[in-house]
Structures are given as C-alpha cells and as structure tokens.
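Here's a solo chain for you in structure tokens, the form predicted on its own.
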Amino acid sequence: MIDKQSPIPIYHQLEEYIKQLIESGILKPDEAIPSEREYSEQYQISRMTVRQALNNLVNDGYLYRQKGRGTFVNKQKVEQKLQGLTSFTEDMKERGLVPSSRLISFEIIPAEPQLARKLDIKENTPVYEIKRVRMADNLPMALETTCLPANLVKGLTEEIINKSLYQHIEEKLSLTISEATQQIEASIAKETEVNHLQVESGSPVLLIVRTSFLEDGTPFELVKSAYRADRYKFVHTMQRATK
C-alpha cells in the first residue's frame, strides 16, 4: 500500500488509503482505527509521518479523537448538489438514508411585513409556520423553519408534513413546483440550534434561506435552515462562462 519509491509523499499515500477504507464502508462510523505506533510498525514509516496523515483526516472531518481513548471514524457528511430543486425527504432517500422529522411547532401565524414581502402576500395573511428538526437515520441534520401561505398551500396537517410536503403540494393540490432562490452562509450555532442539533456551543453551522416558486412564479415557501456543518456539505458544478 505504501510505495516508498513514489514521488507522492508517504503521509499522503497513507491518508488516501485510510480515506478509501472509510468511503468504501470498510471502516465504520465510530470504529477505532489503529494507533500511530501500529501504523508506523506495519508500514515501517515514522510516527511523525503517520501523525501528519491522521491530523489531515481529522481536519477534513474523516476522523475524530477522544482523549485517552484513541482516534475514531467520523460519520460522513451528506452531500447535496446545488442543481435541481428537491425536498429534504427526496435528498435523503436518494442517498439511501431514512429521512424523518421531529416536530417542534406547527401553527398558523399572521404574516409580518418582511415575511409578507418574501411570499408576495398582504400583511397579516394567514401563514403556516412549521418548525422541526430534520433527521437522517435518526441523526439530527438541520433545524428548519418553513412558512407557507395557508390560502395557497391548503389542508396541511401534522401527518402530511411528517411525510413529504412537496408530494402533497404536487400530487394532492396539483401545483407545479418550478424553481427556488437559495442563500448559504456560514455561522456559529445559537443556543436553540445547539440544543436541537445536539452540537457543542460554538459549533459551525450552514445557514440556508430558500424561497421556492410555482410554475407561474408565485412564491409558495420560505425556508430558513441551520445545517450541521459536520454532517452536511453542498457541492456545485460550475462551467466557465462563455465570452
């Protein structure tokens, strides 16, 4: 596995090898990996070289350390491509994960001025407000607040929102979902996010604000989410602009 004649640095070879074991599922989440001494003796390389490889994998989120116990495989991040408009439920199922939600609150509120502008409705128009923790394989992924005009997206119940909101909109209400605008920024978890996402104070989160539109351009949804940065990443493919 380690080719000492290769121009590729030895620490990088070891790093890539461990990464392959993790990504292929041979090394499981929360499984302990060999110690620096064991890697050093097995491949006849210095412990400093091993330490550099493991440090890089910790920094990249593949491994985590527990003082006095050792180094373990981290849970891998869910990857979402920034092409196409899909629901959280659809995203998780596509990746072979089991989506679920823990409902925090579900109520009808009057639209305050800023929300009314975002949804292109009059102030005080009734709006469904749904607050929930979105989970994959029972692990908290995001704290989400969704607002939908009650006069447009009709008949919502807890049963519906615990399944698939988009499925209800498209199949039951016969509305065609078309596109969305989305903003993403990095932040530090607030107290509410710390509690619901089960992260430590000061942990990084990805804040996402999305406004979704129907085929005729009508906004039907405003979603504000805080995603765990250690379990979620966004990937965007870009093409060079033509001159």
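Remember, it's a predicted structure, so these values are computed and weren't measured experimentally. We number the residues from 1 along the sequence you see. Superpose the two forms; the largest set of C-alphas matching within 1.5 Å is the rigid core.
Omitted here: the form predicted in complex with the DNA. The next part is about that form.
Look at 182 to 190, 199 to 207, 42 to 50, 23 to 31: in the model of the complex, residues with non-hydrogen atoms within 4.5 angstroms of the DNA sit in 42 to 50.
Of the heavy atoms in residue 10, some are within 4.5 Å of the DNA in the model of the complex. Put simply, residue 70 is close to the DNA in the model of the complex: some heavy atom of it is within 4.5 Å. Within this chain, residue 195 is remote from the site of the DNA in the model of the complex, having no heavy atom within 4.5 Å. Shown alone here, residue 176 lies farther than 4.5 Å from the DNA in the model of the complex, counting heavy atoms only. Comparing the forms between this form and the one not shown on their rigid core, the Cα displacement of residue 45 reaches 2 Å or more. Positional change of residue 58 between this form and the one not shown reaches 2 Å or more at the C-alpha, relative to the superposed core. Fitting the two forms on the rigid core leaves the C-alpha of residue 204 displaced by under 2 angstroms between this form and the one not shown.
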